[in-house]
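As structure tokens, one chain now follows by itself in the form predicted alone.
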Amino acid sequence: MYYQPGEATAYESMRYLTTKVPFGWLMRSVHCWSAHLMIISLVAHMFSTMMLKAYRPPRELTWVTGYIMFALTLGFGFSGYLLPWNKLAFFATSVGTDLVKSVPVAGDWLLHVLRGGPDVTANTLYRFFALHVVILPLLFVGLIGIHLLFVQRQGMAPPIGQKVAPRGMKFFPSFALRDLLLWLFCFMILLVLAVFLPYGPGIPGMEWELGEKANPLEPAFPGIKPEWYFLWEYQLLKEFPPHLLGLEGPQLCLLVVTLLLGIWAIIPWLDRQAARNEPSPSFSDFGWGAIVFLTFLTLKAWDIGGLQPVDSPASIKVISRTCAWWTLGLGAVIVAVRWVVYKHRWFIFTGAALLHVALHGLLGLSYLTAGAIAGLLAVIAVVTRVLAARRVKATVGASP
């Protein structure tokens, strides 16, 4: 009701909303907090679905629709970030959209379509506003309908080893009342956060103070970073050299990210053990390895332990070492809990991710070199284990 998209009106309308409109600051704070908490809840839901193997047949398309909804949610975050038209949002959007140029062949055309021209201007603001309030909501509502239809028709996924899920409670009134109480509890937490931390917790990538109005003629100030859920990709891009294997660094990074996200999308078809309703410890370990991988990159992007200036060689070395110790500590806790509590015995991917962190952060190898060594050892370990399992199976089958 108050926001007016435009180079001369967007920032002013946001400032009017937060300073003049009664409780306007609270509405904006609730909006920002709920957006970040929504992404956190989706990340937790996606990894829990991964660990519990709830994507087993016939629920493959349920996983895919949820995966696409998560991607659309990130699109909500990215498109809404520019709308206040402040300095941080303007330059962060400039850096973020600039990555589109790395797409082979069609990169320049995609950049022009996304920005509405070669640079971030009012045309970009109009396009992002249309995406944020019209296009993405329509797509999201449609996908939610399909996703819920799958869930209603297929039911909840039973635990591994069972063919039928445990009988649940009636939707009305029992489940509906419990859901309402949970919603009220979460809403109270949201309001407490919005009132006492109206501009976010102060963590880089999770703060939304309005600040100064964007001036496209000013140079970008140092230290610009995207929202926290894009920090891992931002840091990964920094780890690639300008040129490698005949490709530009951003292009190769985009290829790696696309490959990783593509593998994550087709996991229901790759996990054949889960499809047979059998435990698949290798894919559980793949999920934990992904958590270690994302954690280390995110911590590095936060410059934890950095010196001044943070981009100096000495500071980068300290940051890598500090983040490595934090990640290795987290990894040790994960491995211990899995070993003792859940009796897991497959740690190849988690071990490779932790080895990568140690080689890079503690021994000082370059990120890509450390990753190549850890990846090669992981491949050897997986092949060795698979061959050993086949020999055991062949031996048992041949025995009288």
Partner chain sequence: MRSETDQKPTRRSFLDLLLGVSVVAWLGSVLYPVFRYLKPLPQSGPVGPTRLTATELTKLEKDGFVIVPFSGKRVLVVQNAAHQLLALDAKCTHEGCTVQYLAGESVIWCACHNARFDLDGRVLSGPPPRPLPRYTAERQEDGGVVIVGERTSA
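Residue numbers count along the first chain shown, from 1. These numbers come from a predicted model, not from an experiment.
Keep in mind that the form predicted together with its partner chain is not shown, yet the notes after this line are about it.
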Quiz item: Hey, of 326 to 334, 289 to 297, 78 to 86, 245 to 253, which bit sits against its partner chain in the predicted complex at 4.5 Å between non-hydrogen atoms?
Solution: 245 to 253
Practice problem: Indicate whether its partner chain has at least one heavy atom within 4.5 Å of a heavy atom of Gly161 in the predicted complex. | Solution: no
Quiz item: Heavy atom to heavy atom, is Val113 within 4.5 Å of its partner chain in the predicted complex?
Solution: yes
Quiz item: Does any heavy atom of Phe91 come within 4.5 Å of a heavy atom of its partner chain in the predicted complex?
Solution: yes
Practice problem: Give a yes/no on whether Leu99 approaches its partner chain to within 4.5 Å in the predicted complex, heavy atoms considered. | Solution: yes
Quiz item: Which one of Gln154, Asn123, Thr258, Ser174 is close to its partner chain in the predicted complex, taking close to mean a heavy atom within 4.5 Å?
Solution: Asn123
Quiz prompt | Sole residue of Ile263, Ala220, Leu149, Met188 within 4.5 Å of its partner chain in the predicted complex, by heavy atom | solution = Ala220
Practice problem: Indicate whether the candidate residues Trp109, Pro216 and Tyr234 are all in contact with its partner chain in the predicted complex, with contact defined as any heavy atom within 4.5 Å. | Solution: yes
Practice problem: Enumerate the residues of 315 to 346 that have a non-hydrogen atom within 4.5 Å of its partner chain in the predicted complex, in sequence order, or give none. | Solution: Ile316
